[in-house]
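Just the one chain here, the form predicted on its own, laid out as structure tokens.
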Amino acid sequence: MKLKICILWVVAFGISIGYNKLQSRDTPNRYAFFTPAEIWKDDLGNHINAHGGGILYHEGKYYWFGEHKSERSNAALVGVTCYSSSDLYTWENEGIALPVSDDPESPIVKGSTIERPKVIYNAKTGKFVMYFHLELQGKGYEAAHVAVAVGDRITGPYKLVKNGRVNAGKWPMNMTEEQRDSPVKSTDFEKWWTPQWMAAIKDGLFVRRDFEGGQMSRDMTLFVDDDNKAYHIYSSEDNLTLHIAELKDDYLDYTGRYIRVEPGGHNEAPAIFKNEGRYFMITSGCTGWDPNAARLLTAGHIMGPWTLHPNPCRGDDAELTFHSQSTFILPVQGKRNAFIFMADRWRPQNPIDGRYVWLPVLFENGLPLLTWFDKWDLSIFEQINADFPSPGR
């Protein structure tokens, strides 16, 4: 009953602000609210082209980095875009932060695959560091590389400094000696997806397979903790297991400390945040461009253990995450317990028309709750008090 009342109040609140908040008439592209899955124009009058993106807040402004999509291709034909905003509603096009290369020998040559770029700032070095999932041109998804680029200015240009697999020759911290030493190999299985094969996956079959060359890295995000330690969270082991890897102090490489999360769980699209001393991660299943039900994981420490919870979405189309897929969770500056769930509604037949689904993160019994709003604004975080008893584990 408590949940039903909460959701009814939230829906009513969303409808009321839709009527009470009017878009500014100063320019046709100034906004005063969010309208999930609708066309969202930048200051130049174009639909924002920053798919699979993430946001960095720096010196009073938000900077949104994402994939530049074309009308007929998801390949990287332009590069990584950057937009800036002081209020999160209205965005200024800052141009191409990381351009693709015309050099056919470059890993980021035009036509390669650049996905889910994220940028963090290193206060010690004064550098802006970008990570993204990279697939080499003409190689499908077999490379499974992470790429690292660095810039002196937040808007770029960024320069590619390295790419490759992750933590070659390093074992996960939560993989036992018995699992590391197991003689079971991929070639022992004629078929995938059998109970025996899945048990072997959970036991580290693909970790051992990729040990020497490094672990696969596909859908990914970055997270900087309160102590300025940074982490790379990525889908690995052929998208069957998430990894969380600690970065060195300059954020350019790995310390070798990493863990496996939900082995065999088939998670991708990780989005992570921290609140009230706990870590929350929302992911999706792996169904290509088609949406599926979100997953929620929580932990008392970034390096685990992580606990799986039911789908945090409620209401119509909750089983499809409102026809979208997670990409980032944004802390709203100056507001306590205020986070925005950022997701993409993919349009593979016309990628440039992909839409953005931004929703407020609400809480019930200390766990994130996502529900649909046709329109909403940041005042929702002042109207609804977060409910924060410690979540069960």
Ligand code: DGJ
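All values reported here derive from a predicted model rather than from experimental measurement. Note that residue numbering begins at 1 and tracks the sequence as displayed.
As for the form predicted in complex with the named molecule, it is not shown, yet the points below apply to it.
J.: Using a 4.5 Å heavy atom cut-off, state whether Tyr141 contacts the named molecule in the predicted bound form.
T.: Yes - in the predicted bound form, heavy atoms of Tyr141 and the named molecule come within 4.5 Å of each other.
J.: Check Ser324 for me: does it contact the named molecule in the predicted bound form (non-hydrogen atoms, 4.5 angstroms)?
T.: Output for Ser324 is no: heavy atoms all beyond 4.5 Å of the named molecule.
J.: Can you tell me whether Glu268 touches the named molecule? I mean in the predicted bound form, with a 4.5 angstroms heavy atom cut-off.
T.: Yes.
J.: Going by a heavy atom distance of 4.5 Å, is Phe189 a contact of the named molecule in the predicted bound form?
T.: It does not: once the named molecule is placed as it appears in the predicted bound form, Phe189 has no heavy atom within 4.5 Å of it.
J.: Choose one stretch from 258 to 266, 109 to 117, 198 to 206, 223 to 231: the one whose residues place a heavy atom within 4.5 angstroms of the named molecule in the predicted bound form.
T.: Contact-bearing stretch, as computed: 109 to 117.
J.: Quick one: in the predicted bound form, does every one of Asp219, Trp289 and Trp346 get a heavy atom within 4.5 Å of the named molecule?
T.: Checking in the predicted bound form: Asp219, Trp289 and Trp346 are all within 4.5 Å of the named molecule.
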